[in-house]
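Listed next as structure tokens is one chain, alone, in the form predicted alone.
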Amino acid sequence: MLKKELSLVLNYALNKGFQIHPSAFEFLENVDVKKLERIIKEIVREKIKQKSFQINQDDLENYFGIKEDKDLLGEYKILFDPSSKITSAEGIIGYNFLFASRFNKLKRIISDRPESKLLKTIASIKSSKSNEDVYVCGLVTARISERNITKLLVEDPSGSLEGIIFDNDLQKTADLLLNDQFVMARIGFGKNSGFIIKDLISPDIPDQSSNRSESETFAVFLSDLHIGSKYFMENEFKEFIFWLSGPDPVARKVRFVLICGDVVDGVGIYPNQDKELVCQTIEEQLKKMEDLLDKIPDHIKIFIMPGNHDPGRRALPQPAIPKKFNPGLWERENVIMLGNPAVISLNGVKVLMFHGQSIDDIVKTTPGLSYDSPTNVMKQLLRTRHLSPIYGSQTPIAPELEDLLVIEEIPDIFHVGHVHRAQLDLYKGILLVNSGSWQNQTPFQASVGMTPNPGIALMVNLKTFQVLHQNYNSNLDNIL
């Protein structure tokens, strides 16, 4: 049924002897009603000059300057998805495989460093005495600061080593190391058979130039919708989807939407959650999500990964949301269901997607990091080349045969959610995007002093890496 305002302005054109093509009806339904009358009158005036008495979609696209770009690319590839690789080994044996895999993968990464030519096993340096400094690598198993020294315990497959750090600047570097993080250390031999750590080197990301799209295609980055919660910003999200279907020049260039976990609020995630739900079952929540996403134009590819609120396995890495909960999502041609983490290529631009559960552990254990600046935590993950280094804390990690959380593929864009704070940054040529949320502040967030900035849609031009954003939150203090 046509809007009243649209009917009135179309009657104006019809009374002037014009025919309206059906494609123009659909286009005009997405135009701001306040501008409809002026737009139709101007088009009618121009068409009368041309002695042409039909209004079609081409006329409207020419008016808005948004003629469809036939050369606009919308190609994608899945470079990594853990869903099919998850094996779930069991118990101590499984975790032995996991940490052996972590060590071997990160040792291969750090082997590009010139210092790696001097690497020794921990067992070999403990059984010999040298006047020359040597290098070892391993996982940090303990860090102890007392008085004016810092002790670091590092372990490789051959054994463990306790080194002492005296240098003040190096102690500050050590303070930022995470438990179970991989590190390379330059070791000197003390007079009393002790080991002195003289340098610490993380795998880190090398400086690089980014891959870019050949055309000015836009990707939209979203996270943490929490559909099913009464705090979900449903009207604002609908307004954003309405914009995607409209005549805005940027909206017409959007070909990808990336949703980075917590698409629904889940059930039984925390005590008394049912009191904050408008959809009481996972199936209801996912059906509501499907109905909302159904309004996004078919030419836009939608990538969906799970977070800690979504159904399926909670431990990392997570497979895609199980098909049994909502087969309809899986059957849609423009919806791609992914595990967490995942790497995708959008017109050649590599995007690493990770929901971000490990941010909780890192903020709690690392001085100077906070939920208010999630991109600083994202930089820390890139330095460690691992998405969840800390084992045995709040984030559950499954005992896989292979560590699928090592950052082997260097991304052009690193996309994370989880903390409900939209923020942007750059690190060594990588665009960091924390895409915030579409859920208003919950009572729990208020009780712990967390202030989200929800309702911000972030859009990246994949050719220029220019980032645009639209704030759908009525709160004027809601800023990016």
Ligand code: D5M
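When you see a residue number, it is the position in the sequence shown, counting from 1. Please read these numbers as outputs of a predicted model, since none were measured by experiment.
Here the subject shifts to the form predicted in complex with the ligand, a form of this protein not shown in this document.
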So in the model of the complex, is the ligand close enough to Y371 to count as touching (4.5 Å, heavy atoms)? yes
According to a 4.5 angstroms non-hydrogen atom cut-off, is T217 in contact with the ligand in the model of the complex? no
Is there a non-hydrogen atom of V419 within 4.5 angstroms of a non-hydrogen atom of the ligand in the model of the complex? yes
Can you check whether T451 is within 4.5 Å of the ligand in the model of the complex, heavy atom basis? no
Checking a candidate spot here: are S210, N347 and H415 all in contact with the ligand in the model of the complex (at least one heavy atom each within 4.5 Å)? no
Taking 4.5 angstroms as the heavy atom distance cut-off, pick the stretch from 191 to 199, 220 to 228, 153 to 161, 103 to 111 that is near the ligand in the model of the complex. 220 to 228
Partner-free chain; cross-checking the ligand in the model of the complex, the single residue of N308, T395, S83, Q181 with a heavy atom within 4.5 Å is N308
Scan D175, D360, E283, D248 and let me know which has any heavy atom within 4.5 Å of the ligand in the model of the complex. D360
Taking the ligand in the model of the complex, which residues along 430 to 455 bring a heavy atom to within 4.5 Å of it? F444, Q445, M450
